[in-house]
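This document starts with one chain, in the form predicted alone, laid out as structure tokens.
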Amino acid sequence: MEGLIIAVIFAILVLVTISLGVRLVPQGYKYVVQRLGKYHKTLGPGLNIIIPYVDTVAYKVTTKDIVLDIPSQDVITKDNVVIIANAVAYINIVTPEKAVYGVENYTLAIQTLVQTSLRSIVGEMELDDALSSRDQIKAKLKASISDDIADWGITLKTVEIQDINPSPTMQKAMEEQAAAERLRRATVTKADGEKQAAILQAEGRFEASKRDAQAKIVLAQASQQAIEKVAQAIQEKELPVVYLLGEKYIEAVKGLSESPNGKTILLPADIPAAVRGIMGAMGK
């Protein structure tokens, strides 16, 4: 009976020893092994053998890319404007033993480093540049962090600026400024329109006056030519003149009778005598 118990204990001890000495590392991970409390080696993916009770797996480190969310923070620009910025970083652990022994908490360390660098970079830029230069901020951020975390056996794949916005107070001020600028542009546009309209109206009046003057000159010249031709035609004869003036006289009286204010028009019984009277009056 005692022999059986010893055999069972021995079998259990063998199984425990084998389980402690055989390590299956999954793909995407590396195990850091310590021997008697001191770093010994790093196990890669697959079957690995270590010395039981002497070697121990101290850390299990992923070799896949790690996404680090950088919390939002207030950042003051060069022109003393508060903006809110956050980011996301993608890192990869290439040397696990450096990552676990080089810094106490590498994720917290990198988050803090990114926040500090982001404040420093944006602090050297004015508000407009900070809001429109994400690629420039990203490049500077990556360059400043890569060298620092390389000592920890970690590479920075990329870092992206998620949001970079003015504070609520600044946003309100910017909206008011934009509204004032739009109102100013609208006022200038309206004034320009009124100015152009006034210029066009003045040019129209000037052109109309010039054409009226030209028309009057043409009419005067036509009247002059007509008078000259009539004078040449009648010479010393009075009857044609009396006929022409009588015709004009009747047309004028007809026009008066057709006007809204015309009521009763009396024609002289001897129109030739009336025309001669007019000619006599004109001759005086």
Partner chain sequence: MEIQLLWWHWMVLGMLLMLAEIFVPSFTIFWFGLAGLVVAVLLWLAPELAISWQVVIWALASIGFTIAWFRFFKPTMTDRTKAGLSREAVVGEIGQVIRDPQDGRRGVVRFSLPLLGDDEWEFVTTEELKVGDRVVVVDVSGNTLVVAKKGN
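Residue numbers count along the first chain shown, from 1. Please read these numbers as outputs of a predicted model, since none were measured by experiment.
One more form of this protein should be noted, the form predicted in complex with its partner chain, which is absent from this view; the next part is about it.
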* Is every one of Thr189, Ala191 and Ile227 in contact with its partner chain in the predicted bound form, taking contact as a heavy atom within 4.5 Å? -> no
* **Contact stretch among 166-174, 75-83, 91-99, 123-131 - heavy atom within 4.5 Å of its partner chain in the predicted bound form** => 91-99
* Asked: Quick one: is Ser146 in contact with its partner chain in the predicted bound form, heavy atoms, 4.5 Å cut-off?
  -> yes
* Using 4.5 Å between non-hydrogen atoms, is Leu47 touching its partner chain in the predicted bound form? -> yes
* Asked: Is Ser223 one of the residues lying within 4.5 Å of its partner chain in the predicted bound form, judged by heavy atom distances?
  -> no
* Asked: Though only this chain appears here, would Thr56 touch its partner chain in the predicted bound form if you measure heavy atom gaps against 4.5 Å?
  -> no
* Asked: Which of the residues spanning 10-29 lie within 4.5 Å of its partner chain in the predicted bound form, based on heavy atoms?
  -> Phe10, Ala11, Val14, Leu15, Ile18, Ser19, Val22, Leu24, Gln27
